[in-house]
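To begin, one chain is listed below as structure tokens, in the form predicted on its own.
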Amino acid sequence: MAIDKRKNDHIYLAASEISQVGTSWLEEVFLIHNALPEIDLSDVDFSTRFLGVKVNAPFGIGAMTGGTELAGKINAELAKAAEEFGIPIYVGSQRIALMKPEVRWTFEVVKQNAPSVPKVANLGAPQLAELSEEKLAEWVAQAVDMIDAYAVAIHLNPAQEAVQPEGEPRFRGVLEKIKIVKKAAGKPLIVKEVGNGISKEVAARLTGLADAVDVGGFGGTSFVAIEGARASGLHQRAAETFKTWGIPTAASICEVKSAYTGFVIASGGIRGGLDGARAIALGANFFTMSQPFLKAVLEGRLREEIETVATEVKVAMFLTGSRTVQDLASAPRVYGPRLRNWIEQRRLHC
């Protein structure tokens, strides 16, 4: 199946309920209500820093798409909103544009419409494994130039690749190739999952290499489920078996924080500002959302969605007496039984 058709399939399926599997466990993080916050709602300042750059909110637009006419239109709208609100934006995997230069414009619209905010380039781990050092450096340079990227993300998606009909489950030597990417990019490096989470064992291997780890936890958009909806036969059956595989986002934040000392980005099943506030209280420095913004773009209500998320974060901060994002990180909280049990069994610090 052509890669461009696959990209459009991914857009429609990601926006549908078919792709939504499980729970992030962020509902297991209970922020303690502060009935006497001693601040006004207007005192709340939720500006923060994203890998060293000041941004207007502790959240950004997560990785989604690119490579088709529809994807180009979506990316243009996402970029305009990112610029308007002063928040970072990822692009989807840029492999398609590196292989088909005629679709580069579907990514270039991001730098055209969001010139001043941090933009994150995106390359896939399986493709890195197959490239020579010289070719890999060339791909990185092109990906960065395509969107004038501030940072480069490498996405890890072994579960998706294992069940995708056109999958490339090749991960031998990826860690060494990530080192090459960091050197070639000369920019902050983010290593991210796409919906199955990152464990403390993997996070430990990324310490000193990745400038940020994006947990991409289980409990939201499942690319395993998406591939299952596109597949038949053995691939479909495998996807059905493994669509609940992964580390819930809340648990993955704790996993990563227990072994990694860098910048932690929460993503995966974050469906609003309260979820994002819970993720920050749990230990993340920042959060991103994808599926809610994708649906909002397709329905013509993106700015309203971003404003809603921003308001929800501010209200959560106010109700915990948190004047700043740093205050929110130390807000009192209680964990539900599933998350508490995970933390105890895995001996995590969270």
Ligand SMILES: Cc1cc2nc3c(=O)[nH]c(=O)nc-3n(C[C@H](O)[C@H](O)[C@H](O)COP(=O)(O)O)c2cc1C
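Don't overthink the numbering: it's just position in the shown sequence, from 1. Computed from a prediction, not measured in an experiment: that's the story for all the values here.
What follows is about the form predicted together with the named molecule, which we do not show.
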Subject >> Residue stretch of 251-259, 265-273, 134-142, 97-105 approaching the named molecule in the model of the complex, non-hydrogen atom distance within 4.5 Å >> reply: 265-273
**OP:** Indicate whether the candidate residues 56, 286 and 310 are all in contact with the named molecule in the model of the complex, with contact defined as any heavy atom within 4.5 Å.
**Re:** no
**OP:** Tell me, out of 291, 68, 324, 320, which residue has a non-hydrogen atom within 4.5 angstroms of the named molecule in the model of the complex.
**Re:** 291
Original post:
Taking heavy atoms and a 4.5 Å cut-off, does residue 227 contact the named molecule in the model of the complex?
Top reply: no
Original post:
So, in the model of the complex, is residue 92 in contact with the named molecule at a 4.5 angstroms heavy atom limit?
Top reply: yes
**OP:** Report whether the minimum heavy atom distance between residue 243 and the named molecule in the model of the complex is within 4.5 Å.
**Re:** no
Original post:
Can residue 122 be called a contact residue for the named molecule in the model of the complex at 4.5 Å between heavy atoms?
Top reply: yes
**OP:** For the stretch 147-175, return the residues whose heavy atoms include at least one within 4.5 Å of the named molecule in the model of the complex, in the order they occur.
**Re:** 155
